[in-house]
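Below you'll find only one chain, the form predicted alone, shown as structure tokens.
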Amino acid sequence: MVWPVAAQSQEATRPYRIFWFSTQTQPDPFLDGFRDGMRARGYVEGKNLTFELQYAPGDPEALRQAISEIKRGKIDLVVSSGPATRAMTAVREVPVLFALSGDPVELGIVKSLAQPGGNFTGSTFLSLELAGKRVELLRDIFPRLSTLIALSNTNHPGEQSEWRATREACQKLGIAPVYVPFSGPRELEAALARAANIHADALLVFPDAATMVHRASIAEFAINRRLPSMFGWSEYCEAGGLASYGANQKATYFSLATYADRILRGESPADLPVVQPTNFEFAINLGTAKLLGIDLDESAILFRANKVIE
């Protein structure tokens, strides 16, 4: 199948039109990464490319109201950032690219990572190996770790698999994990209140849009309770988290432009495998470490970090 709107016979005078859907806010570093990737592939906004930006901070459902725009206009491609993908599941008229922290198979938008089979493809940040690695790194940073809070948004495809991998990693290291689940951003504050009553040594936060949006308040919570914290992406560290391990999101969106180019040239998303990042970064916030009384200046763990935030 070749997408008619992206065929080479398209009118030369009309630039490609991309809808960008996100639950983040502007300025948007992920959009910046994708734009950089498109420029690197010869696309120039205002000449052969235009963006239509749709934002609904922290509210994927609000984006559903914009779906009618896709049906009315000549849209060549939709790019959904994070949980905005959940609102795009009803879109069948045009190809959809996604970058998702969860499991796209469980969400039901692809048949498998290798053979998506429909009009969705893109990238997933979900890696069960990373879940275990985060526990190991947190133990290396804080060797006295014996009880670990795992803060997790259950409204996140693949969450139970990530929790299972975390439990298994904790078991191997003799760490007792305490599961603190919540369902969506409205329950996060109550979940943190429950976590405050747990006598734990550290905090592990599963990466997803809800915790990403509220990363600063979660980091502040951990600091106030003297809890070393581990997150999934470096943006959490920049907001005050102690450490993170995972893919560089901006780089992932830059790479996503490769698929955008291929789809605009006529390839079908059904045949483009969902990709998983293979390069990961370990970030440390030295300022937070000092606030927690953790001396990393002479620690070998500091030399393993790809990104050090002063």
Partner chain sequence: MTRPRRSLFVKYFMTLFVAAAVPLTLGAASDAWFVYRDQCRHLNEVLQVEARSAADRIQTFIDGIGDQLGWVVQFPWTQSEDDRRRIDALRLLQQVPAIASVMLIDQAGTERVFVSRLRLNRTGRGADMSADPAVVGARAGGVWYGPVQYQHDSEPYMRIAVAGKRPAAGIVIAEINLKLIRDVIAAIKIGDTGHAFVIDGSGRLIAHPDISLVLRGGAASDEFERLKSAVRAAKGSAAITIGNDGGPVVALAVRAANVGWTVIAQQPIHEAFESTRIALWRSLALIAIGAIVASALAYWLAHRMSGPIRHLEDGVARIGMGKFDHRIAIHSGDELEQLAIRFNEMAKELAISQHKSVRINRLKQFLPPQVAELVETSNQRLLDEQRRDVVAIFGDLRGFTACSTRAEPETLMTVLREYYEAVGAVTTRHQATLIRFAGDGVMVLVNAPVACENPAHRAVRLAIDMQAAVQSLVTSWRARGYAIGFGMGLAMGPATVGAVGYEGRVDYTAIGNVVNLASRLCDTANDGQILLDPVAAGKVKDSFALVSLGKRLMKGYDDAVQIFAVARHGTAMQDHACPLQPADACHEAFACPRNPVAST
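Residue numbers count along the first chain shown, from 1. In this text, rigid core is short for the largest set of C-alphas that superpose within 1.5 Å between two forms. Bear in mind that the values here come from a model prediction, so they are computed numbers and not experimental data.
There is another form of the same protein, the form predicted in complex with the partner chain; it is not shown, and what comes next is about it.
The partner chain is not shown here, and in the predicted complex it never comes within 4.5 Å of any heavy atom of Pro29.
Residue contact check for Tyr245: one or more of its heavy atoms lie within 4.5 Å of the partner chain in the predicted complex. Among residues of the shown chain, Glu52 is not one whose heavy atoms approach the partner chain to within 4.5 Å in the predicted complex. Residue contact with the partner chain in the predicted complex: Asp36 places no heavy atom within 4.5 Å of it. Listed residues Glu93, Glu106, Glu189, Asp140 were compared with the partner chain in the predicted complex; Asp140 is the one with a heavy atom within 4.5 Å.
Contact check for Ala114, Ala169 and Leu272: all three have a heavy atom within 4.5 Å of the partner chain in the predicted complex. Only one listed stretch (214-222, 232-240, 199-207, 132-140) carries heavy atoms within 4.5 Å of the partner chain in the predicted complex, and that stretch is 132-140. Residues of 91-109 include none with a non-hydrogen atom no more than 4.5 angstroms from the partner chain in the predicted complex. In this overlay on the rigid core, Pro207 has a C-alpha that sits less than 2 Å away from its partner position between the shown form and the other one. After superposing the rigid core, the C-alpha of Gly102 moves by 2 Å or more between the shown form and the other one.
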